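Only one chain is shown below, in structure tokens, and it's the form predicted alone.
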Amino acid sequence: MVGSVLLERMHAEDDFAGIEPVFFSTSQAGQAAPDVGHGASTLLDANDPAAFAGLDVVLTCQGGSWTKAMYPAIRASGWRGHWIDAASALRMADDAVIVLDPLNRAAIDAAYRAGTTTWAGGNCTVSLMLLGLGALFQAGWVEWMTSMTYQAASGAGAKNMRELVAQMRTVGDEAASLLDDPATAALTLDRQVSASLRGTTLPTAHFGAPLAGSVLPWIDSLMPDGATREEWKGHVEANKILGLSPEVPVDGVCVRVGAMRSHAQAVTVKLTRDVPLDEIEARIAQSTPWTSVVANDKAASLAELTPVAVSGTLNIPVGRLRKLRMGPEFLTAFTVGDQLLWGAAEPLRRMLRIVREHAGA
């Protein structure tokens, strides 16, 4: 999914102009490579370290398992180019920078000048949260933050997206006759839907449980402190991307929901002081060209602050902004963004541009 979106964005932004792209595959070496306007070519073997010799940049969306196996092998072969990776495998390495240039371009430039050649895209929910609310961290206004996520099926991959639709179809098909009868009682319809979700006809091979008509309060593996790895990333990656010292605690619960694409999250922020709400809104609205503040009313929230509204766009709306009953230093917000764009592909293609700028290409 990320690779497909990345190719679309690179085409749209004319990123293939002035470069000589070579394509690799772990399973289809020798077959035709994507045609990006440079003539016909074939896929090279991504499992052969020697095949990468001579390349200036490797940009990969292959996944963490491939990175863990091939990154050290390719580096050991003597390759010294720039590695740009969507996977989480290298994010926390001391010699890697997590790239989110609208917020950490200065750190990226400094690292490049210092000789860094390993660049990692951040966790999708972390990147989206920071594009929405990173300006509050940069202003020194955040004492701590919790984020409760609503993560779409797209975050788990193409097979999971298909499984969600298949689950919805199963539920709809099995309830069709009841739904077509206006006299059907709501409880009767509910019992049928529950039977479908708990029955044996619903496909669950990829999610491991029904997602349609439900939520899954578990993403990734268990960490020693009881958090999942997805939740752990919120703290370590946010602090690394922004270079915060001392670290600002970031924690929460990551939940998979039945949206197809685009992740949303509700956050609670403990401010370091009572910052007026209009100052907060202005700081957020001015933070990046893609970030906007949505009025805290029903019509604007339903029209602009949903996965449906942002999917396929680079927009990062932030809404439901208000102070909480706990006191004037407590703020809540809701934000959403396309997990496959700013959450994955977009920082990678922009990092390729940055490498080319530094190289004078």
Ligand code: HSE
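Each residue number is its position in the shown sequence, starting from 1. Just so we're clear, the structure is a prediction, and the values are computed from it rather than from any experiment.
Omitted from view is the form predicted in complex with the ligand, to which the following refers.
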| item | value |
| --- | --- |
| 4.5 Å heavy atom contact with the ligand in the model of the complex for all of 124, 151 and 155 | yes |
| Listed range touching the ligand, judged in the model of the complex by heavy atoms within 4.5 Å, from 255 to 263, 196 to 204, 274 to 282, 175 to 183 | 255 to 263 |
| Answer option from 89, 219, 168, 236, heavy atom within 4.5 Å of the ligand in the model of the complex | 219 |
| Touches the ligand in the model of the complex: residue 230 (any heavy atom, 4.5 Å) | yes |
| Contact set, 318 to 347 vs the ligand in the model of the complex - heavy atom within 4.5 angstroms | 339 |
